[in-house]
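One chain follows as C-alpha coordinates, the form predicted alone.
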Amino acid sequence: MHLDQLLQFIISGITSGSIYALIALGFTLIYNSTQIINFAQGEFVMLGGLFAVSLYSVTHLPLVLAIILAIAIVTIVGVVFERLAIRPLKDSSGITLIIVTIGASILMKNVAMIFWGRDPQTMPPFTGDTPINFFGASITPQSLWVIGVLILVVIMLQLFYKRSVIGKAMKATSIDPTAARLMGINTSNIVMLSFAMSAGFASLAGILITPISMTSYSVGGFLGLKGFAAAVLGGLGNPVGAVVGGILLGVLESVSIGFISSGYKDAIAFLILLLVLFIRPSGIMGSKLRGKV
(Lines give C-alpha, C1' and ligand atoms only; values in the text may rest on other atoms or scores of the structure.)
Protein backbone atom coordinates (compact mmCIF):
# COMPACT_ATOMS: atom_id res chain seq x y z
CA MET A 1 0.00 0.00 0.00
CA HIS A 2 1.35 3.42 -0.97
CA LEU A 3 1.64 6.29 1.49
CA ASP A 4 -1.03 8.36 -0.29
CA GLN A 5 -3.43 5.41 -0.15
CA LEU A 6 -2.81 5.00 3.59
CA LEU A 7 -3.38 8.73 4.06
CA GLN A 8 -6.63 8.45 2.12
CA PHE A 9 -7.87 5.66 4.40
CA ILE A 10 -6.89 7.65 7.49
CA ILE A 11 -8.75 10.75 6.27
CA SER A 12 -11.84 8.67 5.50
CA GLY A 13 -11.53 7.06 8.94
CA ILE A 14 -11.28 10.39 10.73
CA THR A 15 -14.40 11.57 8.88
CA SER A 16 -16.51 8.56 9.83
CA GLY A 17 -14.88 8.51 13.27
CA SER A 18 -15.99 12.10 13.86
CA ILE A 19 -19.58 11.00 13.27
CA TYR A 20 -19.16 8.09 15.69
CA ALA A 21 -17.67 10.52 18.24
CA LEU A 22 -20.67 12.85 18.07
CA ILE A 23 -23.00 9.89 18.63
CA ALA A 24 -20.79 8.56 21.42
CA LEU A 25 -20.93 11.95 23.15
CA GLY A 26 -24.70 11.52 23.32
CA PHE A 27 -24.34 8.11 24.94
CA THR A 28 -21.92 9.64 27.43
CA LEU A 29 -24.16 12.55 28.40
CA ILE A 30 -27.12 10.30 29.16
CA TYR A 31 -25.03 7.65 30.90
CA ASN A 32 -23.49 10.27 33.19
CA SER A 33 -26.86 11.64 34.27
CA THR A 34 -28.92 8.43 34.43
CA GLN A 35 -26.44 5.51 34.38
CA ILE A 36 -28.41 3.93 31.53
CA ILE A 37 -27.54 3.22 27.89
CA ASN A 38 -29.92 4.94 25.50
CA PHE A 39 -30.31 2.53 22.59
CA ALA A 40 -32.59 5.03 20.85
CA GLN A 41 -29.57 7.27 20.26
CA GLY A 42 -29.12 6.05 16.68
CA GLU A 43 -32.70 6.96 15.83
CA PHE A 44 -31.97 10.59 16.72
CA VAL A 45 -29.21 10.41 14.09
CA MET A 46 -31.71 9.06 11.55
CA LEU A 47 -34.32 11.70 12.42
CA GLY A 48 -31.79 14.53 12.10
CA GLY A 49 -30.87 13.54 8.56
CA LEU A 50 -34.42 12.88 7.40
CA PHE A 51 -35.86 16.08 8.89
CA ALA A 52 -33.08 18.13 7.30
CA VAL A 53 -33.69 16.52 3.90
CA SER A 54 -37.42 17.16 4.09
CA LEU A 55 -37.09 20.73 5.29
CA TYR A 56 -34.56 21.51 2.55
CA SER A 57 -35.99 19.64 -0.43
CA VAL A 58 -39.74 19.65 0.29
CA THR A 59 -40.31 23.00 1.98
CA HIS A 60 -37.36 24.58 0.10
CA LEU A 61 -35.99 26.34 3.16
CA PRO A 62 -32.41 27.68 2.96
CA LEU A 63 -29.92 24.96 3.90
CA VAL A 64 -28.76 26.66 7.11
CA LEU A 65 -32.32 27.24 8.31
CA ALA A 66 -33.29 23.66 7.43
CA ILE A 67 -30.36 22.34 9.47
CA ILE A 68 -31.14 24.53 12.49
CA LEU A 69 -34.82 23.57 12.43
CA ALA A 70 -34.00 19.86 12.04
CA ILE A 71 -31.69 19.98 15.07
CA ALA A 72 -34.35 21.88 17.07
CA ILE A 73 -37.08 19.36 16.16
CA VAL A 74 -34.97 16.33 17.11
CA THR A 75 -33.90 18.05 20.33
CA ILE A 76 -37.58 18.48 21.21
CA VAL A 77 -38.15 14.80 20.38
CA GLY A 78 -35.35 13.96 22.83
CA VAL A 79 -36.99 16.07 25.56
CA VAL A 80 -40.41 14.53 24.92
CA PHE A 81 -38.86 11.06 25.02
CA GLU A 82 -37.30 11.79 28.41
CA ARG A 83 -40.49 13.32 29.79
CA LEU A 84 -42.87 10.58 28.61
CA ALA A 85 -40.73 7.43 28.71
CA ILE A 86 -37.80 7.92 31.09
CA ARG A 87 -38.96 10.29 33.84
CA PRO A 88 -42.07 8.26 34.85
CA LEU A 89 -39.82 5.19 35.26
CA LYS A 90 -36.85 6.92 36.90
CA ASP A 91 -37.08 4.68 39.98
CA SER A 92 -37.20 1.48 37.90
CA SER A 93 -34.24 -0.83 37.42
CA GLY A 94 -31.57 -0.07 34.86
CA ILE A 95 -32.57 -3.02 32.68
CA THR A 96 -36.16 -1.71 32.56
CA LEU A 97 -34.99 1.67 31.32
CA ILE A 98 -32.72 0.07 28.73
CA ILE A 99 -35.66 -1.99 27.43
CA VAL A 100 -37.69 1.22 27.23
CA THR A 101 -35.00 2.83 25.06
CA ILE A 102 -34.96 -0.22 22.78
CA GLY A 103 -38.74 -0.03 22.46
CA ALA A 104 -38.53 3.68 21.67
CA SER A 105 -35.91 2.92 19.03
CA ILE A 106 -38.20 0.40 17.31
CA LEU A 107 -41.14 2.82 17.50
CA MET A 108 -39.21 5.76 16.00
CA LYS A 109 -37.78 3.54 13.26
CA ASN A 110 -41.20 2.30 12.20
CA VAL A 111 -42.79 5.74 12.33
CA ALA A 112 -39.96 7.04 10.15
CA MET A 113 -40.49 4.22 7.66
CA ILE A 114 -44.19 5.06 7.40
CA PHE A 115 -43.56 8.80 7.08
CA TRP A 116 -40.47 8.88 4.81
CA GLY A 117 -40.65 5.46 3.12
CA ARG A 118 -37.86 2.96 2.57
CA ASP A 119 -35.84 4.76 -0.11
CA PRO A 120 -32.52 6.37 0.85
CA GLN A 121 -32.53 10.17 0.74
CA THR A 122 -29.79 12.72 0.49
CA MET A 123 -29.06 16.43 0.43
CA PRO A 124 -26.29 18.42 -1.30
CA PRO A 125 -22.89 18.99 0.35
CA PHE A 126 -22.79 22.17 2.39
CA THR A 127 -20.07 23.88 0.32
CA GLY A 128 -19.67 21.96 -2.92
CA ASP A 129 -18.15 18.59 -3.68
CA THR A 130 -14.84 19.42 -5.39
CA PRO A 131 -12.15 17.32 -3.65
CA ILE A 132 -9.09 19.01 -2.19
CA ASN A 133 -5.69 17.43 -2.78
CA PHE A 134 -3.85 16.73 0.48
CA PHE A 135 -0.41 15.17 -0.01
CA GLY A 136 -1.74 12.90 -2.73
CA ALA A 137 -4.99 12.03 -0.96
CA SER A 138 -8.38 13.63 -1.60
CA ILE A 139 -10.52 15.24 1.04
CA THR A 140 -14.01 16.52 0.30
CA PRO A 141 -15.32 19.82 1.71
CA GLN A 142 -18.07 17.87 3.49
CA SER A 143 -15.43 15.84 5.33
CA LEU A 144 -13.87 19.10 6.51
CA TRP A 145 -17.30 20.15 7.77
CA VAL A 146 -17.64 16.89 9.70
CA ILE A 147 -14.22 17.17 11.32
CA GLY A 148 -14.53 20.92 11.95
CA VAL A 149 -17.93 20.59 13.61
CA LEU A 150 -16.64 17.86 15.92
CA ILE A 151 -13.72 20.07 16.98
CA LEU A 152 -16.10 22.98 17.60
CA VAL A 153 -18.50 20.79 19.61
CA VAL A 154 -15.66 19.46 21.79
CA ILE A 155 -14.37 22.98 22.50
CA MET A 156 -17.86 24.32 23.25
CA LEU A 157 -18.64 21.33 25.47
CA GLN A 158 -15.46 21.81 27.50
CA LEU A 159 -16.22 25.52 27.94
CA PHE A 160 -19.79 24.62 28.90
CA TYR A 161 -18.61 22.23 31.62
CA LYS A 162 -15.95 24.55 33.00
CA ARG A 163 -17.44 28.01 32.65
CA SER A 164 -21.23 27.72 32.98
CA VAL A 165 -23.27 27.09 36.12
CA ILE A 166 -25.44 24.54 34.34
CA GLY A 167 -22.37 22.74 33.03
CA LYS A 168 -20.92 22.52 36.53
CA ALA A 169 -24.29 21.23 37.77
CA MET A 170 -24.21 18.52 35.09
CA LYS A 171 -20.67 17.66 36.12
CA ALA A 172 -21.69 17.42 39.78
CA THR A 173 -24.71 15.27 38.92
CA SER A 174 -22.58 12.87 36.89
CA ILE A 175 -20.16 12.43 39.81
CA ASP A 176 -22.68 12.06 42.65
CA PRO A 177 -26.42 12.64 41.97
CA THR A 178 -27.37 12.40 45.65
CA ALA A 179 -24.82 14.99 46.74
CA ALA A 180 -25.87 17.20 43.82
CA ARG A 181 -29.50 17.09 45.00
CA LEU A 182 -28.43 17.96 48.55
CA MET A 183 -26.60 20.97 47.12
CA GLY A 184 -29.87 22.20 45.57
CA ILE A 185 -29.29 21.04 42.01
CA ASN A 186 -32.46 20.01 40.22
CA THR A 187 -31.17 16.70 38.88
CA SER A 188 -34.44 15.97 37.04
CA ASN A 189 -33.90 19.01 34.85
CA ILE A 190 -30.26 17.99 34.38
CA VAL A 191 -31.41 14.61 33.08
CA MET A 192 -33.82 16.34 30.69
CA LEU A 193 -31.04 18.63 29.48
CA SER A 194 -28.80 15.61 28.94
CA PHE A 195 -31.39 14.03 26.68
CA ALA A 196 -31.86 17.31 24.81
CA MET A 197 -28.12 17.75 24.21
CA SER A 198 -27.74 14.08 23.33
CA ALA A 199 -30.50 14.28 20.72
CA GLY A 200 -29.03 17.52 19.37
CA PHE A 201 -25.54 16.02 18.92
CA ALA A 202 -26.99 12.91 17.28
CA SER A 203 -29.15 14.92 14.87
CA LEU A 204 -26.11 17.02 13.97
CA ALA A 205 -24.19 13.83 13.17
CA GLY A 206 -27.08 12.60 11.01
CA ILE A 207 -27.20 15.86 9.07
CA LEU A 208 -23.44 16.00 8.50
CA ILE A 209 -23.21 12.43 7.19
CA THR A 210 -26.27 12.61 4.90
CA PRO A 211 -24.52 14.33 1.94
CA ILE A 212 -21.76 11.68 2.13
CA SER A 213 -23.60 8.41 2.62
CA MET A 214 -27.33 9.29 2.38
CA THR A 215 -29.85 8.46 5.06
CA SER A 216 -32.97 6.34 5.51
CA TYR A 217 -35.24 5.03 8.22
CA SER A 218 -32.87 2.10 8.86
CA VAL A 219 -29.52 3.87 9.43
CA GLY A 220 -30.16 4.64 13.09
CA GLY A 221 -29.56 1.20 14.56
CA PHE A 222 -26.37 0.72 12.60
CA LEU A 223 -24.86 4.11 13.46
CA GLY A 224 -26.11 3.87 17.03
CA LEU A 225 -24.20 0.64 17.57
CA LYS A 226 -21.06 2.21 16.09
CA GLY A 227 -21.45 5.15 18.45
CA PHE A 228 -21.95 2.80 21.38
CA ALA A 229 -18.83 0.85 20.42
CA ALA A 230 -16.90 4.13 20.27
CA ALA A 231 -18.18 5.17 23.70
CA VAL A 232 -17.19 1.82 25.23
CA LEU A 233 -13.81 1.88 23.50
CA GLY A 234 -13.00 5.34 24.85
CA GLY A 235 -14.50 4.72 28.28
CA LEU A 236 -18.25 4.94 28.84
CA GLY A 237 -19.08 8.15 30.66
CA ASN A 238 -15.96 10.01 29.57
CA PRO A 239 -16.58 12.73 26.90
CA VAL A 240 -12.89 12.88 25.95
CA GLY A 241 -12.82 9.10 25.72
CA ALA A 242 -15.91 9.18 23.49
CA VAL A 243 -14.11 11.42 21.00
CA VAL A 244 -10.90 9.37 21.14
CA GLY A 245 -12.86 6.13 20.81
CA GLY A 246 -14.86 7.45 17.86
CA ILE A 247 -11.82 8.62 15.91
CA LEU A 248 -9.88 5.44 16.69
CA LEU A 249 -12.79 3.23 15.66
CA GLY A 250 -13.28 5.12 12.41
CA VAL A 251 -9.59 4.93 11.48
CA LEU A 252 -9.36 1.21 12.34
CA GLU A 253 -12.43 0.52 10.23
CA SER A 254 -11.11 2.47 7.28
CA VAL A 255 -7.57 1.06 7.41
CA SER A 256 -8.99 -2.46 7.65
CA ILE A 257 -10.50 -1.92 4.21
CA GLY A 258 -7.01 -1.43 2.78
CA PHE A 259 -5.30 -4.24 4.66
CA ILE A 260 -8.09 -6.82 4.81
CA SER A 261 -11.31 -6.27 2.86
CA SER A 262 -14.19 -3.83 2.73
CA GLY A 263 -16.46 -6.77 3.60
CA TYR A 264 -15.03 -6.84 7.12
CA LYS A 265 -15.33 -3.08 7.70
CA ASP A 266 -18.51 -3.25 9.78
CA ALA A 267 -17.41 -6.34 11.67
CA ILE A 268 -14.38 -4.40 12.99
CA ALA A 269 -16.57 -2.23 15.25
CA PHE A 270 -18.21 -5.20 16.90
CA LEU A 271 -14.94 -7.11 17.18
CA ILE A 272 -13.39 -4.10 18.92
CA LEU A 273 -16.44 -3.81 21.19
CA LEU A 274 -16.14 -7.44 22.25
CA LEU A 275 -12.38 -7.19 22.79
CA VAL A 276 -12.75 -4.08 24.95
CA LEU A 277 -15.50 -5.68 27.02
CA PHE A 278 -13.37 -8.78 27.57
CA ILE A 279 -9.97 -7.14 28.12
CA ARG A 280 -10.66 -3.65 29.48
CA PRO A 281 -14.36 -3.04 30.26
CA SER A 282 -13.62 0.51 31.45
CA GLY A 283 -12.29 1.45 28.02
CA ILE A 284 -9.08 3.24 27.06
CA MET A 285 -9.64 6.29 29.28
CA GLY A 286 -12.49 5.18 31.53
CA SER A 287 -10.64 4.42 34.73
CA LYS A 288 -8.27 7.36 34.58
CA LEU A 289 -10.63 10.19 33.80
CA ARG A 290 -13.88 9.00 35.34
CA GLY A 291 -15.18 11.75 37.56
CA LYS A 292 -13.13 14.46 35.89
CA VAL A 293 -15.60 15.33 33.16
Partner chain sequence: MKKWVGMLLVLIVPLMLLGCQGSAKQEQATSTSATEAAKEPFKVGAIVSVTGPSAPLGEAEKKTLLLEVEKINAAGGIDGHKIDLFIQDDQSEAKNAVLAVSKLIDEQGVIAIIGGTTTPCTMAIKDAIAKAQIPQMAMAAGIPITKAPNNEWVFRTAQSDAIAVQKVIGYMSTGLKIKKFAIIHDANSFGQSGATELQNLAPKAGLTVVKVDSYKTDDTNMSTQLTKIKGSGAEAVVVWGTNPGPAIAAKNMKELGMTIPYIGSHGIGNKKFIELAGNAAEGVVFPAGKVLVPSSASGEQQTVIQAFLDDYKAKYGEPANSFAGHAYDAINILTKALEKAGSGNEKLRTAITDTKNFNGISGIFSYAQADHDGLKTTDMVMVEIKNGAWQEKK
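Positions refer to the first chain, counted from 1. Here the structure is a predicted model, which is why all the values come from computation and not from measurement.
Keep in mind that the form predicted in complex with the partner chain is missing from the display, and what follows is about it.
Novice: Taking the partner chain as it sits in the predicted complex, is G94 in contact with it (heavy atom to heavy atom, 4.5 Å or less)?
Specialist: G94: no, not in contact with the partner chain in the predicted complex.
Novice: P88: heavy atom within 4.5 Å of the partner chain in the predicted complex?
Specialist: Yes, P88 lies within 4.5 Å of the partner chain in the predicted complex.
Novice: Is there a heavy atom of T34 lying 4.5 Å or less from a heavy atom of the partner chain in the predicted complex?
Specialist: Close contact is absent here: in the predicted complex, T34 is far from the partner chain, nothing within 4.5 Å, heavy atoms only.
Novice: Heavy atom to heavy atom, is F195 within 4.5 Å of the partner chain in the predicted complex?
Specialist: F195: no, not in contact with the partner chain in the predicted complex.
Novice: Please tell me which of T122, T127, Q158, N186 lies within 4.5 Å of the partner chain in the predicted complex, judged by heavy atoms.
Specialist: Checking each option against the partner chain in the predicted complex, the one that comes within 4.5 Å is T122.
Novice: Report the residue, out of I147, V100, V153, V191, that has at least one non-hydrogen atom within 4.5 angstroms of the partner chain in the predicted complex.
Specialist: Comparing distances to the partner chain in the predicted complex, the residue within 4.5 Å is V100.
Novice: Only one of 43-51, 24-32, 263-271, 230-238 has heavy atoms within 4.5 Å of the partner chain in the predicted complex; I'd like to know which.
Specialist: Correct option: 263-271.
Novice: In the predicted complex, do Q5, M113 and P131 all reach within 4.5 Å of the partner chain through at least one heavy atom apiece?
Specialist: So, yes: the whole triplet contacts the partner chain.
Novice: If you look in the predicted complex, which residues in 170-188 sit within 4.5 Å of the partner chain (heavy atoms)?
Specialist: The stretch does not touch the partner at all.
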